[in-house]
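We begin with a single chain expressed as structure tokens, specifically the form predicted on its own.
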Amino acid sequence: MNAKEITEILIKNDQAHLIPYLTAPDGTENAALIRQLEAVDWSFLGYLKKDKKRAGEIRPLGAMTLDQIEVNRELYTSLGISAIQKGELALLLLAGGQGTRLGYNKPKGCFNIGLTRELFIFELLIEHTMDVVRQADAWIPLYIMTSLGNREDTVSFFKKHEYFGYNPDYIHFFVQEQNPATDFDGHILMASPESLALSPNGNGGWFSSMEHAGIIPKLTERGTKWINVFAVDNVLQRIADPVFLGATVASGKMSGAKVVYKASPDEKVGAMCTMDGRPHIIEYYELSKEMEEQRTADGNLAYGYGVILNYLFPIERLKRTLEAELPLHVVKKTVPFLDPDGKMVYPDEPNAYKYETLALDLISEMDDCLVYEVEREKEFAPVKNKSGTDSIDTARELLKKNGYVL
């Protein structure tokens, strides 16, 4: 496209304020900006006008409990190991975040959680994966989704540490796609005269980002059936868990989600449930007080199983989501921007909307889901804050309980 064609699109979408930036100071077309605008899916603007409430009948959804898993552990392990050895599993690490909330200005996975020695978050996750690699005697492809902003730091960190012993032929990095940020009236912000204010499209954008990076055809050719998706900020995350994989295969269900039993009815985690008969994750702030306290016949919380962002998805079903319209979540954020006078503004409070898809919404695209309970003290140590709940300190204590020397 040229500047004239982009101008028509901008006017149509009420973005005429961007037109002056299409021409560089020397009078030539601003090619970099035009390329960014060509890639914009303008449908995101419609989400400002949509009713944000989700409609549908919400019902509780039970889990395969720890006791039930233990009874069949040998069978599930065998099925999972067999699938891994056949090359049916690939891994996806969501690692686009920075450690800003930890007081750290590098990718969160580079954070050193050790006390008397270096022990990085990325290192812990690789160690957990290596446990299964040794058990199965087979390398598992590991895809790491970075943001545009932290890709270079992440890749160089892995190279510097020689991939923490993982076979580099099986580690692949790709960049998460981005959406423009807007002001509260829906006008796209500029980060510089040559660039829109762009931000990652949310952790639900991982599959479309993999597709656009040319990864999915390679996985299909390899015979991969399942993708295990997990997040960087849980330092006790068990990855490529053969028992989880085997249980999901044995259940005949389309997908799987690891959960922990909530520490309290109002714990701030998304809860597994169904919406209109399909698997669904309801956010903690969507639960009414009555739903939080609701109990089943055996006395357990009806909405008591909280997700920990560790999912199993089938590739073939995920391909159909590329044509689906996943919900965009409109989130208020603080975004630096270029003002009309060409000066950078650094707001002290939220001034913009970011538009994100969430991994949890992919669960709703599945026909069914195995809800798989894990022990929270062995598999759930989120590092989200510098102090307090789900912090560096609480994660360290849980690591110590699990025998790690920090």
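Predicted model only: the values in this text are computed from it and were never measured. The numbering used is simple: start at 1 and walk along the sequence shown.
What comes next is about the form predicted together with uridine 5'-triphosphate, which does not appear here.
- Using a 4.5 angstroms threshold between heavy atoms, Gln98 counts as touching uridine 5'-triphosphate in the predicted bound form.
- Contact check for Gly202: a non-hydrogen atom falls within 4.5 Å of uridine 5'-triphosphate in the predicted bound form.
- Heavy atoms of Ala240 never reach within 4.5 Å of uridine 5'-triphosphate in the predicted bound form, leaving it off the interface.
- Within this chain, Lys108 lines the site of uridine 5'-triphosphate in the predicted bound form, having a heavy atom no more than 4.5 Å away.
- Annotation: in the predicted bound form, residues Gln176, Ala231 and Lys333 each come within 4.5 Å of uridine 5'-triphosphate through at least one heavy atom.
- With the partner omitted here, the residue from Leu189, Leu309, Leu236, Leu318 that has a non-hydrogen atom within 4.5 angstroms of uridine 5'-triphosphate in the predicted bound form is Leu309.
- Contact with uridine 5'-triphosphate in the predicted bound form, defined as a heavy atom within 4.5 Å, holds for exactly one of Met272, Leu91, Ile126, Met145, namely Met145.
- Heavy atoms within 4.5 Å of uridine 5'-triphosphate in the predicted bound form belong, among the stretches 194-202, 276-284, 160-168, 249-257, to residues of 194-202.
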